[in-house]
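Given as structure tokens, the chain that follows is alone and in the form predicted alone.
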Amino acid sequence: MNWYAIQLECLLAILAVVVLLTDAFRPVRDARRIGLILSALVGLTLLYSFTMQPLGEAVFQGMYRLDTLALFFKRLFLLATAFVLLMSAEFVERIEAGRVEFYVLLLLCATGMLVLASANDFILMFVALELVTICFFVLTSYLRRQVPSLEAGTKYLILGALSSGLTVYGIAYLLGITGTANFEKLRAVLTEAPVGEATGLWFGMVLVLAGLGFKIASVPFQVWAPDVYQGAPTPVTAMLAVGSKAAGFVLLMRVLMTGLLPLEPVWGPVVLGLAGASLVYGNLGALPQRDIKRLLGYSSIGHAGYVLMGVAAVNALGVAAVLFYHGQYAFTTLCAFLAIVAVTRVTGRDDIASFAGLHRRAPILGLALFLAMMSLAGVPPLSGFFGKFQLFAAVIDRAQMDARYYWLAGIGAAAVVVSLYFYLNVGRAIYMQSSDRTDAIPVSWPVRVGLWICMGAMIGLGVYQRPLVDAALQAARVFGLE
């Protein structure tokens, strides 16, 4: 049973080791082909994951759970990894050395994320979190001859080390007071003690929340996001935007809604405040941006605020909304970055002005990037609209018992209106501005396939949401919320 639970992690880890050893004994000449093969293999692993069934009991002494929530996020991480490897195959020619090692680090990073989806214990959580973080330390600064990449890596290293220190100190504090690192046992201990007598746990709880807040790029732990998004290699930025953020949120939900649920009167208002602050900061900060990756960095902060709305609601509808939002957000964001990789491969620039007249130079890239921006903005009938609709519905439902949530819904609605400006600004460059260059941008068939899959998902999940909604509702039941 234990091996059954970790087979996806083992498959990715073995694949990473095989690729690394193969390159060591027989150096790979065509790194692009290796990337495409790895993307296809991870895609097959994703398809295989749908044959797996959740386990009713925790394994490895209660540290690891293969429940519906874990399977939902494992599939999300495999999807993100397959697309990021596809982007890397298109991007790899810009890497001077260590091209195969770049793929290996992405696979190891994904392996850590798969473990995080099932973590049911602070110790396992921290070990897996460090595997992911250390891989990102290297990946963000992989373009060693480019100052922005080195700057991104340095900032992520310093702030990531700080967040890891806060997390492990908070874990030690909680472990010392309660005597357990297991989320379910922690909940039992806190349930037996009145919340008023648990004030000594607040300090440890705040430190853990601060560490996880760094992973999801929420205010006030967001300062790294714009610079790292801008300076890191584009496939790494995509992995941060989709994989790292989702990993942070699945941990946040497991910690808050399993281990620390009895302290909800304490952390609930804190999460509510963080959601509102992230919405305001992310969307206002994106307004003056002229670099598309930096714009998406601020956008990521704003979207962390939207997702925190569902977490703050602390109800089954909110958790399901968070899961649905992550599912559709993955397709939307991956579509945007896949188009960006294809364009910058030719132009070598990330500023929004370089996308002027894109609909003439590469119609499929222009359409894909425009649809991605509109979905991020929440324009119907794209999937982003329904994702935001679910989050607002969860907050309004909670507002029936706590009027403060009406304020959060109001801030979220205002943020949606503000975001239309900078997302439409990208669309204006694509369709309404002319470019000095009129040469066509070549688009390889793997990129075309990836773009059509993402665009189909954005439109399909906006028109017919039932499959993903049902999967989200089923996964949300693991917390037993109403």
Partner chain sequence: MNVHDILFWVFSIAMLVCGVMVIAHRNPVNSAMSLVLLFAFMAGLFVLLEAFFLATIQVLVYAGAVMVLFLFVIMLLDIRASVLKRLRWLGLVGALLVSGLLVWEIQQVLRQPAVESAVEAKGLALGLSDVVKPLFTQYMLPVQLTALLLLAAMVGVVLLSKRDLQ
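Nothing here was measured: the structure is a model prediction, and the numbers come from that model. Residue numbers count along the first chain shown, from 1.
One more form of this protein, predicted in complex with the partner chain, exists but is not displayed; see below.
The candidate spot formed by Ala13, Leu20 and Met63 is fully in contact with the partner chain in the predicted complex: every one of the three has a heavy atom within 4.5 Å. Listed residues Val147, Ala161, Ile123, Ala353 were compared with the partner chain in the predicted complex; Ile123 is the one with a heavy atom within 4.5 Å.
For the options Thr234, Thr167, Thr333, Ser141, the residue carrying a heavy atom within 4.5 angstroms of the partner chain in the predicted complex is Ser141. In the predicted complex, the partner chain stays beyond 4.5 Å of every heavy atom belonging to Ala188. The partner chain is not shown here, but in the predicted complex it comes within 4.5 Å of a heavy atom of Glu96. In the predicted complex, the partner chain stays beyond 4.5 Å of every heavy atom belonging to Pro363. By the criterion of a heavy atom within 4.5 Å, Asp397 is excluded from the residues contacting the partner chain in the predicted complex. Remark: of stretches 176-184, 75-83, 335-343, 296-304, the one touching the partner chain in the predicted complex is 176-184 (heavy atom within 4.5 Å). For the stretch 106-123, the set of residues having any non-hydrogen atom within 4.5 angstroms of the partner chain in the predicted complex comprises Leu108, Thr111, Val115, Ile123, in sequence order.
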